[in-house]
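Starting off, we have a lone chain in the form predicted on its own, written out as structure tokens.
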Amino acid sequence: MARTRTPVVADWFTGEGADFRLLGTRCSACSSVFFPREDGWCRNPGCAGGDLAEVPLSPRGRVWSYTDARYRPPEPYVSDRELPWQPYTLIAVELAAERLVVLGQGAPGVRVDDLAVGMEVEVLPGVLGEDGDEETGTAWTTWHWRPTGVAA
């Protein structure tokens, strides 16, 4: 038995492999799309509000900005202080169809040297961290971005 795969945040993404998608919501009145999802009201200040429906977001976008996290963030960030810090890349991705920018980690192995503003990237399932042992532990799942055409 392998670790139980549990989303870090419920209802923000769905699927596996090529079917993996981030989930947002779209207002029926103004067509604004929100991520993170909004389930209560339309956040568009120019909209009187409408029904919000869940929508899968585009699986590909363009790098809008990027950086790397080279230091361990301070509390309340949760990390095991006994383990060495592992730097990771953060990528802000513009989804043109939805007219929004989504922030996420780069896939393992993606460095800032591999990225350029305007480069096409794709979303894929990822693991933020793991708790416990291989038999009874939890793999906390999230999303990652990687340049298109790169094997997992």
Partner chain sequence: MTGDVAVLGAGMHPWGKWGRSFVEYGTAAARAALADAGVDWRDVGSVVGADTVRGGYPGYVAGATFAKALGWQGARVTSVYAACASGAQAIGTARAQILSGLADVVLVVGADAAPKGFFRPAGGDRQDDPDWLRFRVLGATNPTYFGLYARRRMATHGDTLADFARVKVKNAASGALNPNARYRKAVSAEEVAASAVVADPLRLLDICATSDGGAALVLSSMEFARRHGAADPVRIRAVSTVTPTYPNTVLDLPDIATDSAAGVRPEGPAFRSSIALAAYEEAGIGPDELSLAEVYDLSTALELQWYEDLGLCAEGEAAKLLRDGATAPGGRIPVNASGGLASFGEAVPAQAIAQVCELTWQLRGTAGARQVAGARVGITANQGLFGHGSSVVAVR
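Positions refer to the first chain, counted from 1. Owing to the predicted nature of the structure, the values given are computational and were not obtained by experimental measurement.
The same protein has a further form, the form predicted together with its partner chain, not shown here; the description that follows concerns it.
K.L.:
May I ask you to check whether residue 44 falls inside a 4.5 Å heavy atom distance of its partner chain in the predicted bound form?
P.N.:
Judged by the heavy-atom cut-off of 4.5 Å, residue 44 is in contact with its partner chain in the predicted bound form.
K.L.:
When the contact criterion is heavy atoms within 4.5 Å, does residue 75 count as touching its partner chain in the predicted bound form?
P.N.:
Yes - in the predicted bound form, heavy atoms of residue 75 and its partner chain come within 4.5 Å of each other.
K.L.:
Can residue 83 be called a contact residue for its partner chain in the predicted bound form at 4.5 Å between heavy atoms?
P.N.:
Heavy-atom contact with its partner chain at 4.5 Å: absent for residue 83.
K.L.:
Is residue 97 close to its partner chain in the predicted bound form, meaning a heavy atom pair under 4.5 Å apart or at it?
P.N.:
Yes, residue 97 lies within 4.5 Å of its partner chain in the predicted bound form.
K.L.:
Residues 9, 69 and 112 are flagged as a possible site; in the predicted bound form, is every one of them within 4.5 Å of its partner chain by some non-hydrogen atom?
P.N.:
Yes, all three are in contact.
K.L.:
In the predicted bound form, which residues of 121 to 144 put a heavy atom within 4.5 Å of its partner chain?
P.N.:
Read in sequence order, the residues that approach its partner chain (within 4.5 Å, in the predicted bound form) are 128, 140, 142, 143.
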